[in-house]
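In structure tokens, one chain follows: the form predicted on its own.
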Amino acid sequence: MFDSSNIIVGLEIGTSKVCAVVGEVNDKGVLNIVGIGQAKSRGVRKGEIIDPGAAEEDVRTAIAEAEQMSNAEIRSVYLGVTGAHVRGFNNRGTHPIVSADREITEEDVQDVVKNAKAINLPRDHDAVHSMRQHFLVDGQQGINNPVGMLGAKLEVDLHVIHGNLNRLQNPMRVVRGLQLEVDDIVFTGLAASLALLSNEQKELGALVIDMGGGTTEYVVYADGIVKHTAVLAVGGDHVSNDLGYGLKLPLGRAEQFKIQFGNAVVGSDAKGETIEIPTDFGLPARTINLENLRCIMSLRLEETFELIANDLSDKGLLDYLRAGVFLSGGGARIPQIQKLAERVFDLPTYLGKANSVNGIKSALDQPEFSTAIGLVKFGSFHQKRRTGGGLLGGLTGFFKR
């Protein structure tokens, strides 16, 4: 049995599934995935808890399965959080250098970061992450560590991710109701990007889109730092709803057809094809048009990508994405989703695979496990920092690596 002090657990309480991933850092500092547990999610809508009792049962099931597979006792987790209330923005802090010799010290760095954090968040919101981007000394940009430099004015750019405090605490209460500790909460979009992107891709510039059942999170990296984060309260469930409404199908049947016959692109192979729907009570079977089904799916997915592309265009970020677009989450499994994304973004698009992690191969290659694996990776960096492998800027270092 694994020593509980050596294991790191990532827990994602998603709209369509609850997923717990167990990792262990070996003597060489390599992260190994040693266990996975999952359960169908019943208490979550649009990434947020709506039925704590059902969510608690599903978390218990996923944790028990992960414990059995890893042969470890789980006592604490790194918990993913998302929802339409989660926001990201950039903020700049300023600090005058008042010492006689004008040499910038570590204390000056701490003061300028403190000033940048003293932002006017909504009264009921709390910061989840405050990540350093770059320092400026007397207007000189792109400085990673200003300690020892000379200057009169020190500035720092932070990327801040914040959310509604009560809504952030709801999933934490579910976890604590199972007598588990929450080591930290992590925005799920950042967790997915941690799992998927290499240092080189972060430097080149990349967009990670995590396509879940109830939400779509996206994160932009450029020059090795997080430039932008956002959440759309749209996911795979909305595609199923559209199919149910457009094809006059019960939601369960619409979900089944989405998985069985769905495609992100309406191709010539769908023309004239029909799907027969068996009916109960001896009623005649009805048919639906396959081209219609794929057209409904394609329109919803294209609209989601266009919302993201328009947001990034408004912020002048599309030209930074030299490494391309990386898709994760269950939505990344839709056939030809890469082709649709390439058409909308006009960029090379890849299905995300976990990098610089060892262990259960089947999990590392599956896009729906990216977030939970990223949560474990976050935890491994966190533990390194606590045990003396300190990083300038704390959490910022994790997302720059």
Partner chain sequence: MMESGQNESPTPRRSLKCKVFGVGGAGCNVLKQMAPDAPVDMQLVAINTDTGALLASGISDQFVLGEKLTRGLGSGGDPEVGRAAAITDAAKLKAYCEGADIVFIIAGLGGGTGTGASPILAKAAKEAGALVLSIVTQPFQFEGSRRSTQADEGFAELKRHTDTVIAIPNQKIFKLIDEKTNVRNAFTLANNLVGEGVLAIHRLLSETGLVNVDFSDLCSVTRGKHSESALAVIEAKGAHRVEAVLEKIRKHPMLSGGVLEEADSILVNLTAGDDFTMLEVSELMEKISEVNKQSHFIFGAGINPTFDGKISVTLVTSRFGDVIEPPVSSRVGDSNGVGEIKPEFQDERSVPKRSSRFAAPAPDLTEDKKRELFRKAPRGRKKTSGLRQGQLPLETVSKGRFDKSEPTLYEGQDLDVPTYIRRNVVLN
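Numbering follows the first chain given and starts at 1. What you are looking at is a predicted structure, and each value in this text was computed from that prediction instead of being measured.
Another form, the form predicted together with its partner chain, is not on view; read the next lines as being about it.
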Inset, instruction - Please determine, with the chain shown alone, which of 200-208, 137-145, 109-117, 234-242 has non-hydrogen atoms within 4.5 Å of its partner chain in the predicted complex. - result: 234-242
Legend entry - Every residue of 32, 129 and 149 near its partner chain in the predicted complex, heavy atom within 4.5 Å: no
Legend entry - 4.5 Å heavy atom contact, residue 255 to its partner chain in the predicted complex: yes
Inset, instruction - Answer for residue 296 alone: is it within 4.5 Å of its partner chain in the predicted complex, judged on heavy atom distances? - result: yes
Inset, instruction - Mark residue 246 yes when one of its heavy atoms lies within 4.5 Å of a heavy atom of its partner chain in the predicted complex, and no otherwise. - result: yes
Inset, instruction - Look up in the predicted complex whether residue 159 has a non-hydrogen atom within 4.5 angstroms of its partner chain, and give yes or no. - result: no
Legend entry - Partner-contacting position among 92, 167, 125, 153 - heavy atom within 4.5 Å of its partner chain in the predicted complex: 167
Legend entry - Sole residue of 121, 307, 259, 265 within 4.5 Å of its partner chain in the predicted complex, by heavy atom: 307
Legend entry - Sequence-ordered residues of 19-36 touching its partner chain in the predicted complex, heavy atom within 4.5 Å: none
